[in-house]
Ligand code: C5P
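So this first bit is one chain, no partners, the form predicted on its own, shown in structure tokens.
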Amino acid sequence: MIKKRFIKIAIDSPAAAGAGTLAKSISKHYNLYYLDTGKIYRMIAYIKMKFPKQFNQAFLKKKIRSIKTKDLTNKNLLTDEVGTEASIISKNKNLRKLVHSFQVNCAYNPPKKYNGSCLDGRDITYKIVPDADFKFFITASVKTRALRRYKELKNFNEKISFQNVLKSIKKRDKNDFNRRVSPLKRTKDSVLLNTTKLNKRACFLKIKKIIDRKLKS
């Protein structure tokens, strides 16, 4: 019998590695509050592109406070243009402070109906939830990730080529791994999971096995 307790799961990964899908499955199974932190930056990038003249600190602060989980499912957030802009604005220290506060609150103070929280992004394991009960670094080959993103965009009838998506993913990787502020990196205490040759179910079972083992101990 697995004893109930407040669980905090932190997941870092490069773009389109499958972390989001995995985090959602894990969150649903253990009844955890899920937050795709990368989508927050995409949401901000989308807001900036949509309201360029109004985009300032005060306007942004108000927008971040009003972000709801359902807002992060907007298909417009998945475009490469938004993704590239998100990677650029995420380097802004003042913006990161606002987002950091929002993320930390979601991780440590989720709605009472949940058994804990599960956040995925780029700096979750060492900056947002450094004391997480479980830390994972999800990755996959760049071509596999590009293909996944390409298929995802095609589902929204996006007129885009695989080569353009591949180029975009490589650019995102360069920005994420090399940025001076909160770069993407695997911490020593994070479990590595390469999803290149694994389907969604296999990934879920691997993570579940690790979590269950610790919860039962």
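When you see a residue number, it is the position in the sequence shown, counting from 1. Note that the structure is a prediction, hence the values are computed from the model and not measured.
Separately, the form predicted in complex with this ligand exists; it is not shown, and the next lines address it.
A.B. asks: Whether residue 118 contacts this ligand in the predicted bound form should be assessed with a 4.5 Å heavy atom distance threshold; does it?
C.D. replies: No, residue 118 stays farther than 4.5 Å from this ligand in the predicted bound form.
A.B. asks: Taking heavy atoms only, is residue 122 within 4.5 angstroms of this ligand in the predicted bound form?
C.D. replies: Looking in the predicted bound form, residue contacts with this ligand include residue 122, since a heavy atom lies within 4.5 Å.
A.B. asks: If we define contact as a non-hydrogen atom of the residue within 4.5 angstroms of the partner, is residue 107 a contact of this ligand in the predicted bound form?
C.D. replies: Close contact is absent here: in the predicted bound form, residue 107 is far from this ligand, nothing within 4.5 Å, heavy atoms only.
A.B. asks: I'd like to know whether residue 96 contacts this ligand in the predicted bound form, with contact meaning heavy atoms within 4.5 angstroms.
C.D. replies: Residue-level check for residue 96: yes, a contact with this ligand.
A.B. asks: Tell me which of 159-167, 185-193, 37-45, 65-73 has residues with heavy atoms within 4.5 angstroms of this ligand in the predicted bound form?
C.D. replies: Looking at the partner contacts, the answer comes out as 37-45.
A.B. asks: Answer with one of 140, 86, 146, 132: the residue that has a non-hydrogen atom within 4.5 Å of this ligand in the predicted bound form.
C.D. replies: Among 140, 86, 146, 132, a heavy atom within 4.5 Å of this ligand in the predicted bound form occurs only for 86.
A.B. asks: Where, within 166-187, is there a heavy atom within 4.5 Å of this ligand in the predicted bound form? Residue list please.
C.D. replies: Residues within 4.5 Å: 172, 176, 179.
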